[in-house]
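A lone chain, given as structure tokens: the form predicted alone.
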Amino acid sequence: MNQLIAVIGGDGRYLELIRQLKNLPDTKITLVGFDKLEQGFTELNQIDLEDLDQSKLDVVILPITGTNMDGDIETVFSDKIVNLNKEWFKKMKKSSMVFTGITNDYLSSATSDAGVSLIPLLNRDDVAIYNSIPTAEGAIMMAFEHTDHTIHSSQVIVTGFGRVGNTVANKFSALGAKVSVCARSIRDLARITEMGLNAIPLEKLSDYTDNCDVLINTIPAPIVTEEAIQNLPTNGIIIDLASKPGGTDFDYAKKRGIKAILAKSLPGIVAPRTAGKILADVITQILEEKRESL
């Protein structure tokens, strides 16, 4: 029996995701929110939401952004409004799985009330670590674009030593930058030092920004404050990789004439094909694990 998957909305990453999922055995894929694409391009059934029978679906794949608080979803390849109300989810099979990038209170409660599994992919360590590579490359691209000097020998400060911060620090260091990393935990500070990078306690960030060419924030909290920004040289730039609204005081940076960039969804911008393959690989792994457990 075929496994029925519906991909509802999505951006450029989803073109590669769809291409990968088409290769799964015993799988039928239906697309909703892709009517701007020629059907021959995807070679898949493209229909409107009202023509989709969700009671027969095994898997629903939503956009990276999930839904808004009203149940509307992002449809880059369609001008039609696609809304998934809570009753829509309740008509799904209890064994169904719903994949999204991120979730919110609406989507979490809608799937919970319906008794279906919700999997926010960006919460997973594997996806976050894989995505940190195109994110780091995107930060490097921005540093090239917005500075007038080489990355080699530049003074770079990375705030945060999580999944993204670790990769960003490594990639800039590999290009010859003099990298410092701000972290809160003693364990992280020790690991940063062991890697040959300069470790800075997070609370002392402002003491080190006066000689910083590129300040890269990866922490989704108010970290790059007025105090840290006021010591930055005028030619310094801030690249904020944290999820919206970031961790930078953008208003103060503007007052000081410091270029501060909130770099959202870099994997989808820098390397949509790679980002789509990452999502497809993880979804495929989860589906295979579920099939083996039955």
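Bear in mind the structure is a predicted one, so any value in this text is a computation, not a measurement. Residue numbers here begin at 1 and follow the sequence given.
Separately, the form predicted together with a further copy of the same chain exists; it is not shown, and the next lines address it.
Colleague: Name the stretch: of 97-105, 120-128, 168-176, 72-80, exactly one has residues whose heavy atoms fall within 4.5 Å of a further copy of the same chain in the predicted complex.
Modeller: Contact criterion met by 168-176 only.
Colleague: a further copy of the same chain isn't shown here, but in the predicted complex which of 109, 147, 206, 155 has a heavy atom within 4.5 Å of it?
Modeller: Only one listed residue qualifies here, and that residue is 147.
Colleague: Can you pick the one in 202, 151, 189, 195 that has a heavy atom within 4.5 Å of a further copy of the same chain in the predicted complex?
Modeller: The residue in contact is 151.
Colleague: Applying a 4.5 Å heavy atom distance criterion, does residue 274 contact a further copy of the same chain in the predicted complex?
Modeller: Heavy-atom contact with a further copy of the same chain at 4.5 Å: present for residue 274.
Colleague: Can you work out whether residue 270 and a further copy of the same chain are in contact in the predicted complex, taking contact to mean some heavy atom pair no more than 4.5 Å apart?
Modeller: Residue 270: yes, in contact with a further copy of the same chain in the predicted complex.
Colleague: Flag residue 140 as yes or no: does it have a non-hydrogen atom within 4.5 angstroms of any non-hydrogen atom of a further copy of the same chain in the predicted complex?
Modeller: Because a heavy atom of residue 140 falls inside 4.5 Å of a further copy of the same chain in the predicted complex, the answer is yes.
Colleague: Give a yes/no on whether residue 68 approaches a further copy of the same chain to within 4.5 Å in the predicted complex, heavy atoms considered.
Modeller: Result no; residue 68 lies far from a further copy of the same chain in the predicted complex.
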